[in-house]
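First comes one chain, alone, set out as structure tokens in the form predicted on its own.
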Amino acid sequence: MEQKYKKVAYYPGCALEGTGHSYSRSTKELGKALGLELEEVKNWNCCGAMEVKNVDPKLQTYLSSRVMSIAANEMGYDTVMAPCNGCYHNLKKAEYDLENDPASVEVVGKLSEKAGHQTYEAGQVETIHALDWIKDSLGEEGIRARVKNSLKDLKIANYYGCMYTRPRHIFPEKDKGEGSESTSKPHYMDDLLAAAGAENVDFPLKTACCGGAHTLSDSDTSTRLVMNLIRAAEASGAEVIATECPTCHSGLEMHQIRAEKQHGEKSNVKIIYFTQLLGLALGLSPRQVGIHENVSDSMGLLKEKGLA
């Protein structure tokens, strides 16, 4: 297990301050329950997730580099944990660009100087996801030893989304053989929830896109993509879709409602963050992990399973 992940710089990103607040709440509470310490990155900014990189990719690289620079040069951390797939992806992409693209290095240097902070240099920090944070600091055995309220009898489809694994080249730590995370068949969330007692169903669309980036510009496409995910989860026998991305989570919740209103297609699958599920397994209350903040009302199911 990685001792260095016991205390890390925490980059919540914009979504976890808004629609994904229950993800932030449950991540922090889970960390406390597991004895893991988070220190929020000071004066952090948006990573440039969608709009900025469509206008100017190098500006997005700078925005992500500033977050890493603060963590490394002002706070003294060598690890940044980003629970949001978009933030995680963009920080990893910025790291890759600064290692491989001289033009990006030049732009980041100029903007950093103009902004008045130390320029981030590739390799100063390692960006990890919340899944890496828990998997590599405690692992399945660490979770199993702390379970107070098993997730047994709960059938879960683990949904990773597309930005957790794509493009492969910005995730050099993945696909390293046995035990490492896979970009084609990710398993970290499956591993952790299984350790908490859950029954993971065979879900074939675990890395399919939910249409999150298009949810405002093309809602119909996003609804169709979410319907595909929910249908596949139901066909697999899932009662819950576990998520690890605030954009995916919000998209699944909102378009599940829209699918019923627009297409008359109702689904009983509940959408719950993996951190919320692990928190419940460790004995935290539904309110502590923010179940009441989710749009998807899962309290009935959780009570039925003895988890609330």
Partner chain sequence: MPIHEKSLIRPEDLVEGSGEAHIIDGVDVSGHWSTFIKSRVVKDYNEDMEAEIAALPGGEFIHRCWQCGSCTNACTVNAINPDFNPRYWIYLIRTGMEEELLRDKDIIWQCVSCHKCSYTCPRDVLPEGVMKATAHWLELKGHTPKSHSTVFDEVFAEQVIKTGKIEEGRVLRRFLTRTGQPLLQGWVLTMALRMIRHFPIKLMIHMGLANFIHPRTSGWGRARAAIEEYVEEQEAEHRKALKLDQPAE
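Keep in mind it's a predicted model, so treat the numbers as computed, not measured. Positions refer to the first chain, counted from 1.
From this point on, the text means the form predicted together with its partner chain, which you will not see here.
**Student:** Where, among 28 to 36, 277 to 285, 237 to 245, 52 to 60, do residues come within 4.5 Å of its partner chain in the model of the complex by heavy atom distance?
**Tutor:** Contact criterion met by 52 to 60 only.
**Student:** Looking at N149, S180, N73, T221, which has any heavy atom no more than 4.5 Å from its partner chain in the model of the complex?
**Tutor:** Looking at N149, S180, N73, T221 one by one, just T221 meets the 4.5 Å heavy-atom criterion.
**Student:** Which of these residues, L138, A195, V107, V125, gets a heavy atom within 4.5 Å of its partner chain in the model of the complex?
**Tutor:** After the contact test, the surviving option is V107.
**Student:** Flag this candidate site as yes only if S24, R144 and N268 all have a heavy atom within 4.5 Å of its partner chain in the model of the complex; otherwise mark no.
**Tutor:** The answer is no: none of the three residues contacts the partner (heavy atom, 4.5 Å cut-off).
**Student:** Answer with yes or no whether G116 is in contact with its partner chain in the model of the complex, where contact means some heavy atom within 4.5 Å.
**Tutor:** Taking the distances in the model of the complex, the answer for G116 is yes, it comes within 4.5 Å of its partner chain.
**Student:** Does the 4.5 Å heavy atom contact test between K174 and its partner chain in the model of the complex come out positive?
**Tutor:** Heavy-atom contact with its partner chain at 4.5 Å: absent for K174.
**Student:** Quick one: is N100 in contact with its partner chain in the model of the complex, heavy atoms, 4.5 Å cut-off?
**Tutor:** Taking the distances in the model of the complex, the answer for N100 is no, it never comes within 4.5 Å of its partner chain.
**Student:** Do H89 and its partner chain share at least one heavy atom pair within 4.5 Å in the model of the complex?
**Tutor:** H89 belongs to the contact set for its partner chain.
**Student:** Quick one: name the residues from 17 to 31 with any non-hydrogen atom within 4.5 angstroms of its partner chain in the model of the complex.
**Tutor:** Read in sequence order, the residues that approach its partner chain (within 4.5 Å, in the model of the complex) are E17, G18, T19, H21, R25.
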